[in-house]
Structure formats: structure tokens, C-alpha cells
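Next up is one chain by itself, shown in C-alpha cells, the form predicted on its own.
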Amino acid sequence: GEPYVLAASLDNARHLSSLLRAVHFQDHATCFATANGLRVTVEDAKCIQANAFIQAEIFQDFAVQEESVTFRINLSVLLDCLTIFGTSSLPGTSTALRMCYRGYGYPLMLFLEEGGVVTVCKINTQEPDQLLDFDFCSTKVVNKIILQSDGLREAFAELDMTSEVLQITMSPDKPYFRLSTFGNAGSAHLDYPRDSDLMETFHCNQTQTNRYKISLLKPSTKALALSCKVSIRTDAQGFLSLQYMIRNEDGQICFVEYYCCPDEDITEAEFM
């Protein structure tokens, strides 16, 4: 009887499930809906946060009756429901989705239809958690580069992932952008000149070298695999923002963003 505070329709549920898979490294996620669209946030150990942004324009129909609607949900269950007809549809077929939510205390309702068969799923929602605020506004960004994703994919394939940390150096001078690992086989470095074909934007104001736990960055490789470009930004404290631009099958653009805090356990001697 009560009206829905959130109602959205999508011709192809795969557009949503592939983006959600890119942030699925914990079971639970917090969903925020506003008139601009849907943001799904996943966090781990107060060190890393991932956000999938699905703009309202991606949906065929997107209506939010309040200024913002927030709830926590089991992301694993949501993905299982979205792919209930399987992950790979036959050519020319897709799973249509209608998503409805009545508000606090109510389940999220999914109506999925493929080939005339309709499945209804009800997923319990929970009280949203207090989320980390990385306060990553553009005025606080010290260094920023935009790379074609192929460049970063190659790096993750070549660097020694037995290393506990990935060291990122961004500098107005050589080596400009360097990725380093320190694994069982010794240290490895990959340098990208500022005029590299892979480099789209290069804005470095000062030399920064920071280390990040590879275990925290690994989940972001799911988003990297889907993306065509990645924006890499750091602030004065060394917090890292990886923003992946993802183009779906229909050519529409969505974003997945990862925030990661720097590894504290570094002594000056290690840099020498």
C-alpha cells in the first residue's frame, strides 16, 4: 500500500551486475539513491572504500521520492538475484529489471524478466553503517594523472605480486610516474614517461612516493579489467584515489572509484 521511495527500471540487468561485481570484495554494501542515480559503497578494515556510481540516465526509469534514500544490503545475495537467469544471456536476449524499495525496514524488491519468465526476489535491508569520509575534494589533490587502462593492466601483469606493497612515485620530473614492487624476486620498477601514448593527462605539482598494501589494491583490478581509462590521484597525506571509467555494452559511461590509505609502516631508510 505504501508508495515506493525508490523505483528503477533497466532493460539489461547485466549493466548493473557487472558494475556491482567490480566492487564486490565484501559481502555487504551501502546503497545511496538520489535524483542523480545510485551509489553503492563497499568498505574493508577502514583502509579501503569502493564506490560504484550508476547515473540515473543509465536506467530507463529512475524515481526517488526523498532527497536521499540509504540502506545496507547483502551484495552477494543481490548479485545472485541479478544473475538468476545466468550471467551470459543468449544473443539478442537480456534480463529486464525493475527494482523497488518502500523505505526503512522494508526489503528491496527485484522483478526480473527474461523470455516471458518473471522472478521476484525480496532482499532484506539493514541499517546503514557510518562510512569513512576520505574527503577527497579536487582542491586537495596534489598529483593527478589519467592513463589508458591497458597501461595499468600491463603493469599489474608484469609487477611481482608476491610483494606486500605497491610503491607509487608521481613527480613533475623523471621518473614522472613509477610503479615499484619488492617481492621474492627482488625489486621491480615500471616507469611511464609523461609523453607516453598511454598517458592522457599529467598534472604533478610535487614529488610524492607512497606505498599501498597490494592486498588492499587487488580488489580494484576487477574494475580495472572493465575500464577504458583510469584517473590516479593523491592528496597531501598520500591517500590514493583510483577512478575507473567503464563503458557498458550500450556505450554509456559509469564510474567505479577506489580510495586507499597509504601504508604507515615505512621508514625513511627504506627509500634510500
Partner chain sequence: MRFRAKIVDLACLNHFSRVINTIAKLAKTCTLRLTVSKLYFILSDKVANGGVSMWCELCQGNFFDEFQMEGVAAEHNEIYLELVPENLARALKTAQSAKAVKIKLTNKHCPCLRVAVELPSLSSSSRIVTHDIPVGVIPRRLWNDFREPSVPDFDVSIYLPVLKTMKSVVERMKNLSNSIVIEANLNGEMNLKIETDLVSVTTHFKDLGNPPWSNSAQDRDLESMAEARIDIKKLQQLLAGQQVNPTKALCNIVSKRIVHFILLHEDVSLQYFIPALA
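Bear in mind that the values here come from a model prediction, so they are computed numbers and not experimental data. Positions refer to the first chain, counted from 1.
The form predicted in complex with the partner chain is left out here; the points below concern that form.
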The chain here is shown without the partner chain. Which stretch in 149-157, 97-105, 180-188, 115-123 comes within 4.5 angstroms of it in the predicted bound form, by heavy atom distance?
115-123
Is it the case that Asp129, even though its partner is missing from this view, gets within 4.5 Å of the partner chain in the predicted bound form, heavy atoms only?
no
Indicate whether the partner chain has at least one heavy atom within 4.5 Å of a heavy atom of Thr83 in the predicted bound form.
yes
Does Asn74 reach the partner chain in the predicted bound form, with heavy atoms at most 4.5 Å apart?
yes
